[in-house]
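In the form predicted alone, a lone chain appears below as structure tokens.
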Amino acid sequence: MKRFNSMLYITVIPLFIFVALFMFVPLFTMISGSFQPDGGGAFTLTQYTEIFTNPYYLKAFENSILISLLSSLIGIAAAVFATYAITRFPKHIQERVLVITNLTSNFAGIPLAFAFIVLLGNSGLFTLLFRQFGIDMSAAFDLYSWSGLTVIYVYFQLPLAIMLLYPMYYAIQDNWKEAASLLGASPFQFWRRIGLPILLPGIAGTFSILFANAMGAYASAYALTGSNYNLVPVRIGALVSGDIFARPELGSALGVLLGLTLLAAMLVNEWLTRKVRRDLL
């Protein structure tokens, strides 16, 4: 038995090495680099001082937080109703819809931006099609603006929210609905007083995941707008790769602050989730 347990521990060693090399080593390098001047050297807070005193980088955090909040709110609101609608379909249709949703949730980054450009860009399929009917889409919608970025963010937020919320609806048992109906409650009253409070902790947790997902999104925004819009991931990419010259230490400091922002969002969500659960008891 001891020999068997030893073999099990040995088989886990490659996993630990993989996690160390691709998670902890880059994390340690980023944190240590953020406390160094340009080019490396002694310990300094220069990079953080520049971030907090430069309106350009503060605006990047403001823009990232705003678009993350907006896309997460739209995504979670649409997902609540879409997920409920999916649960009303027959089981075999639900399985097919979930397969499509799963595929869609993984369709992000550069392919997603390219697909939107092909469909809704200045010479996109729908843009040209509507133009044939005398409708100028560019007057109402510009793909390369904040509204276009928001649409792309919502596109990859919505299927992820559906995949996370779908199992939670099965926590609401049918006999609860039947009991509420026998007591004279309408469907709206059931969802307002029983269904929605049960779902609230899960909705709050899903919202925090969507927010973190949007805050860290880089490829779609960069492929669509390049460096034209001031977002934290785009700024980090520009500093690391170097639009003019690279400043990886400053990029590391931005990365640390981005991570702390996500950690703060998770802690706030954890506090709200516990508060909601405590109020329901």
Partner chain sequence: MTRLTRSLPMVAFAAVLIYLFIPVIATLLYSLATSWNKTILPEGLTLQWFGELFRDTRFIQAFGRSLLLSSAATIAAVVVIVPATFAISLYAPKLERWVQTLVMLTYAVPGVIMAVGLIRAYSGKGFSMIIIVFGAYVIGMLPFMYQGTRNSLRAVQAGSLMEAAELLGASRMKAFIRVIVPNIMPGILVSALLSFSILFGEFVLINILVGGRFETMQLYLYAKLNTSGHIASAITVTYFILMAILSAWIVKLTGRTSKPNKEPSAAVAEAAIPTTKAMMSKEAS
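Every value quoted in this text rests on a predicted model; they were computed, and no experiment measured them. Numbering follows the first chain given and starts at 1. Just so we're on the same page, rigid core means the largest C-alpha set that superposes within 1.5 Å between forms.
The same protein also exists as the form predicted in complex with the partner chain; that form is not shown, yet it is the one meant from here on.
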- prompt: Given that the partner is absent here, does residue 19 sit within 4.5 Å of the partner chain in the model of the complex, heavy atoms only?
  reply: yes
message: Does any part of residue 218 reach within 4.5 Å of the partner chain in the model of the complex? Heavy atoms only, please.
response: yes
field: Touches the partner chain in the model of the complex: residue 95 (any heavy atom, 4.5 Å)
entry: yes
- prompt: So, in the model of the complex, is residue 60 in contact with the partner chain at a 4.5 angstroms heavy atom limit?
  reply: no
field: 51, 202 and 245 all contacting the partner chain in the model of the complex, non-hydrogen atom within 4.5 Å
entry: no
Selected contact from 99, 140, 179, 135, since only one has a non-hydrogen atom within 4.5 angstroms of the partner chain in the model of the complex: 99
query: Which residues in 185-215 have a heavy atom within 4.5 Å of the partner chain in the model of the complex?
result: 187, 188, 209, 213
- prompt: Is the C-alpha displacement of residue 12 equal to or greater than 2 Å between the shown form and the other one once the rigid core has been superposed?
  reply: yes
